[in-house]
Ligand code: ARG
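Only one chain comes next, encoded as C-alpha cells, the form predicted alone.
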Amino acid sequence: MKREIAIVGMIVCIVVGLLVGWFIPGLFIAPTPTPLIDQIKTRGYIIVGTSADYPPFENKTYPAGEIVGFDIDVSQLIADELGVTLEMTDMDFDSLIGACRAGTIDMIAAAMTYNAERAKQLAPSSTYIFVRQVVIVKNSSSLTTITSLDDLVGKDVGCQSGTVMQTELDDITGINVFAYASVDILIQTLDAGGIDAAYVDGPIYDAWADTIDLRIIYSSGEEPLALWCKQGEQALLYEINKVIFESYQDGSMYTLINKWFGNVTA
C-alpha cells in the first residue's frame, strides 16, 4: 500500500511539473540580456573608464579637476554617435580591465596598447592611434643611448603598473622594476633620483619634457592603441569602430591628434 501511494505521489509531481512548464514556460528559460548599447541609450549616457594621470591622453585640470585629453575627445565622438552624454570615470590603470568585465564601466579609453592577452579578456576596437614606447632619464643621468631593454639590466627602472611596458621589463631578468599606479608619481620619482630611468609611451615624454629636463635613451617601434569594451557586445563595438573609421575619413581624428600631439596633418 505504501508503495502504491509513493508511486501515485510521483505521478502527481510529474504531472504538476509538466503543467507548470506548459503554462509558465518562462520559469525554465533564461532571460535574454539586453545588449549593452541599448542599456546605454536607455540610461542616456556612456560610462568610460580611464586613468587620468597620462597627459596628453587623459589628465585632470587644476583646480577644477575636469578630466580632459585626447582619449576623452575620442570618447565624446562615440557618445555623440550614440546620441548620449559622456561620463568619464577615473581609476587606477590596472583596475580598468576588471571594471569593464564586471560592467562597472562600458568602455575603456586609456591609451591601452593592444595585445593578445588583453584581447582574451575584452573586445578591442580597431587601432585608433599608434604610439612608440621610450625609456627616459634625467638629462644629468650618466646613462647613454641603449639599443635594447636588455641594456637596462642592473638598473632601477620605473613604469606604470598594468601596462605592456611593465610586462616587457618583468620579462627581462636582472632589471629592478618599480611599478607605479600613477604616472605623476613615476615621473616625480625619476626627477627626485629614486629610479634610474622610466619606460613610458612617447607622448608622456613630450608632455613632461617642458617641465622636467629629460632625454630619451631608447625608442621602440610604434604600437597600436585600442579602445575596449566587454566581449559579446558586437553592436557597441561596431559603433566604436565606425566612429574611428569615419573620423579618419572626414579628418576629425586628425584635428584631435593635432590638438593634443601637434605636428600631424591629414
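Quick caveat, the model's predicted, so the values are computed rather than measured. One rule holds for the numbers: they count along the sequence shown, beginning at 1.
Separately, the form predicted together with the named molecule exists; it is not shown, and the next lines address it.
Exactly one of the stretches 162 to 170, 81 to 89, 148 to 156, 134 to 142 approaches the named molecule in the model of the complex with heavy atoms within 4.5 Å, and it is 162 to 170. Contact with the named molecule in the model of the complex, judged by any heavy atom within 4.5 Å, is made by just one of 107, 190, 74, 183: 183.
Proximity to the named molecule in the model of the complex, defined as a heavy atom within 4.5 Å, holds among 53, 206, 233, 239 only for 53. In the model of the complex, the named molecule sits beyond 4.5 Å of every heavy atom of residue 100. Though the partner is left out of this view, residue 36 does not reach within 4.5 Å of the named molecule in the model of the complex, counting heavy atoms only. In the model of the complex, at least one heavy atom of residue 225 sits within 4.5 Å of the named molecule. Within 4.5 angstroms of the named molecule in the model of the complex, the stretch 87 to 122 places a non-hydrogen atom from each of 93, 110, 111, 112, 113, 118, taken in sequence order.
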